[in-house]
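What follows is one chain in structure tokens, specifically the form predicted alone.
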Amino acid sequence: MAFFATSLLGGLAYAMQFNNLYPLSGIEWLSPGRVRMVHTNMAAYGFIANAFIGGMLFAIPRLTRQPILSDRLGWVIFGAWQLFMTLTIGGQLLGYGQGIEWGETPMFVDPLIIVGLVLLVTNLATPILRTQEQGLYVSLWYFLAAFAWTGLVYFMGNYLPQFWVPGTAGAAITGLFIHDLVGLFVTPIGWGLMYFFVPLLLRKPIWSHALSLIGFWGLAFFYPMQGVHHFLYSPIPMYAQYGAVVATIAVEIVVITVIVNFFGTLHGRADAIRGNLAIRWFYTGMIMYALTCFQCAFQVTLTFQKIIHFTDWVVAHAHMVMFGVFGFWIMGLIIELWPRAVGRPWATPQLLTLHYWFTLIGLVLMVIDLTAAGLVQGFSWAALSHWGESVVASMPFWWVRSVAGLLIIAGQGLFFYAMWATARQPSTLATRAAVAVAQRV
């Protein structure tokens, strides 16, 4: 949560730069470009990666009925990962960030992260390989795939363009890295956790095991080819650009099967959306996922790219994916697991509801605002208007973006307080009994 807070504050500071109110002006190591790196990297590696590792540590032993390889190794990996994130922040602020989107981790941190990933995979894959269960549940398919893909993707993005594949080919690899980091690292772990937690909380099996496998193989087949769509109208060969467009549209068909499967699972238990806050976070994230994938099927076409390329439309899309989908799923995980971790029920459930609505309203406002800003900018540039005119036209949208960010941060402030108050409340016989009932699942 500390890295999550760091990412939020970095994003707010960078947004205020567009309002001519940058709060850290004149301090070189806190200049906007470096703070933006901290914002995006801590969102991906500090917040999402930490939370997803915690979720897998909960899910894998229960799915396999086997412990992880070593608890001690797990604590070593935990400590090392927090150290790597701290080194990443320090290195980026001191000017050692690499010039690759989401691959800005300093060179001296990259080898440490790869070693850490190998140890993490060894620790978490061992119970899957040792399990005596008949067949592997689909969550474990997703986790194993993420284990195989993540190290390769990280190595590809952080080493190949900088040392061995310069120029246009390097740009193509950079595009693959940006998208594969989402599709082959975050997405499979996120869906794997949803396939575990949603049936668990609804107390009913997933609607269709066959559809879940179609979704898995569709992701594996189509997603690796999509990344080049970040560089449409570039010198990259057109056959590669067309291939990326076709693969992106094709994967939307697969996404529909996954969404149908989860809403089929919800059938007959729709009351859980109102009564179970974790389920509400999960399904709100799924709706965001469906929207962003539907949006993606259109925005990767060359027709759309003529207007939205390099505009705030892309920023809106990125926030809806990374925070509206995976961030919302993580909120649901914390809602469910935090009482188990501290051995106490939530002290202030009403704050959790406020946190949900503050976050949802703030994010929806930001996405709508930046999407509209992107269209204004795109059509302004297409009309060959003066660059300054598009900046002036964008100013109101950037103010709304900052207000939306403040709303999101206020919601997280309530959430942090609720977590702290829960952990601090005295442990009574009644609270221990309440948590024990919850831990039976």
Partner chain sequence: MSTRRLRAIRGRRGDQSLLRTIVTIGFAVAVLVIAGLGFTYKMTEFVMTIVNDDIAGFGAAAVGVYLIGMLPIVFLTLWAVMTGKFRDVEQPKFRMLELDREIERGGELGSHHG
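Positions refer to the first chain, counted from 1. Note that the structure is a prediction, hence the values are computed from the model and not measured.
What comes next is about the form predicted in complex with the partner chain, which is not displayed.
Q: Thinking of the partner chain in the predicted complex, which stretch from 316-324, 154-162, 347-355, 81-89 has heavy atoms inside 4.5 Å of it?
A: The contacting stretch here is 154-162.
Q: Pick from F298, Y242, W75, F310: which has a non-hydrogen atom within 4.5 Å of the partner chain in the predicted complex?
A: For this set of options, the contacting one is Y242.
Q: Only one of L200, I287, M107, A341 comes within 4.5 Å of the partner chain in the predicted complex by heavy atoms, so just point that one out.
A: Result of the distance check: L200.
Q: Though only this chain appears here, would F196 touch the partner chain in the predicted complex if you measure heavy atom gaps against 4.5 Å?
A: So F196 counts as contacting the partner chain.
Q: Mark Q132 yes when one of its heavy atoms lies within 4.5 Å of a heavy atom of the partner chain in the predicted complex, and no otherwise.
A: Within the cut-off, so yes.
Q: Hey, in the predicted complex, does L213 get a heavy atom within 4.5 angstroms of the partner chain?
A: Flag for L213 set to yes.
Q: So in the predicted complex, does any heavy atom of V182 sit within 4.5 Å of the partner chain?
A: Heavy-atom contact with the partner chain at 4.5 Å: absent for V182.
Q: Which residues in 240-271 have a heavy atom within 4.5 Å of the partner chain in the predicted complex?
A: Those in contact are A240, Y242, G243, A244, V246, A247, A250, V251, I253, V254, I256, T257, V260.
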